[in-house]
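Let's start with one chain on its own, the form predicted alone, as structure tokens.
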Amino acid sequence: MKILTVDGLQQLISRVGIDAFFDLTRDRLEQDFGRWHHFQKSPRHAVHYPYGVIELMPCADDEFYAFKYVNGHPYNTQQGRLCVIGLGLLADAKSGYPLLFSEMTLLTAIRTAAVAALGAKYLARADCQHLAVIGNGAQSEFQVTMLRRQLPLTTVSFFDPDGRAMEKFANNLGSADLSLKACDSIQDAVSGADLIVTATAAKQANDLIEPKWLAPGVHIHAMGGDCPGKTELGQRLLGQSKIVVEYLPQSLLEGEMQNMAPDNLYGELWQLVDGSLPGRENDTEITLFDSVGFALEDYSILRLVLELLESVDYGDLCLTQPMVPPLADPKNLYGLLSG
């Protein structure tokens, strides 16, 4: 079994190139959403605590089985810890043997940004130049980096109630050839924006954006609502929007669809990818991708990583350790202990 550590992943992305790796991830997600019916799917299994949530996210086709362990603890940053960390496993479906065990904190951030770009491909106006980012935590720079691979962005306005997060965001993107505008409020940040990303962490029901603040034809990527009771947008805005989700059974439990009846949904992302439904249909409609994160995205990026590690160019970046007993007689497991 291959084991990919954080150091190994950093080196892998460095060798492939960050832009190329991001593009490969987005393209792989599009391919897999395009074969939606090949997968066995279910909402993630979540255990909720007063201080956060721990989840398992499985997804499989006839060739591979994947799952991710992931948490969401919004108050971790007060102790100098990440809000979200992840570990992933990809296994051979025919034998059940694990093929790859990988860090998935970085990979989760990348695939989450990749699905934002994929949604924007079908729902945002192709001429989007002004992006507003509400919430400047660990995910925010990934969103900008991936979205500018998809759209001709020139301006990024941003707001976070934590001034240190805003400073971090500006420092990380200072060399990105973008006009960065630090704002004093959400209203200021979204004014005139073509595309808005909401990436807030507070585990509560929020109503962050008034419809009257928005320009015609805006696309909203709402990714901060990702567990029961945690939302970012109010019913007035949702009622005026064309809403797309990843996987409805999960989205009804989490994200913005908690505030809406299922018949308010326009469609699932796979329907846009395979042409079953049109995406954006005019330049004035408000489109909303209620993206809570779905296990298919983890499957896609784990498969991509395994394929790269199996090539001669990158195979040296992973550890190979026996995690399954190497038995000459597969019925003699006890022999490992008895000698």
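Remember, it's a predicted structure, so these values are computed and weren't measured experimentally. Numbering starts at 1 and follows the sequence shown.
There is another form of this protein, the form predicted together with another copy of the chain, and it is not shown here; the text below is about that form.
In plain terms, the part of the chain that comes close to another copy of the chain in the model of the complex, with a heavy atom within 4.5 Å, is 86-94 out of 86-94, 178-186, 125-133, 244-252. In the model of the complex, another copy of the chain lies farther than 4.5 Å from every heavy atom of residue 314. Using a 4.5 angstroms threshold between heavy atoms, residue 102 counts as touching another copy of the chain in the model of the complex. Interface membership of residue 141, defined by any non-hydrogen atom within 4.5 Å of another copy of the chain in the model of the complex, is confirmed. Taking the partner from elsewhere, residue 35 is found to have every heavy atom lying beyond 4.5 Å of another copy of the chain in the model of the complex. Using a 4.5 Å heavy atom cutoff, 4, 45 and 67 all lie near another copy of the chain in the model of the complex. Note on the partner interface in the model of the complex: the residue among 227, 106, 265, 153 having a heavy atom within 4.5 angstroms of another copy of the chain is 106. The listed set 206, 191, 259, 77 contains one residue whose heavy atoms approach another copy of the chain in the model of the complex to within 4.5 Å, identified as 77.
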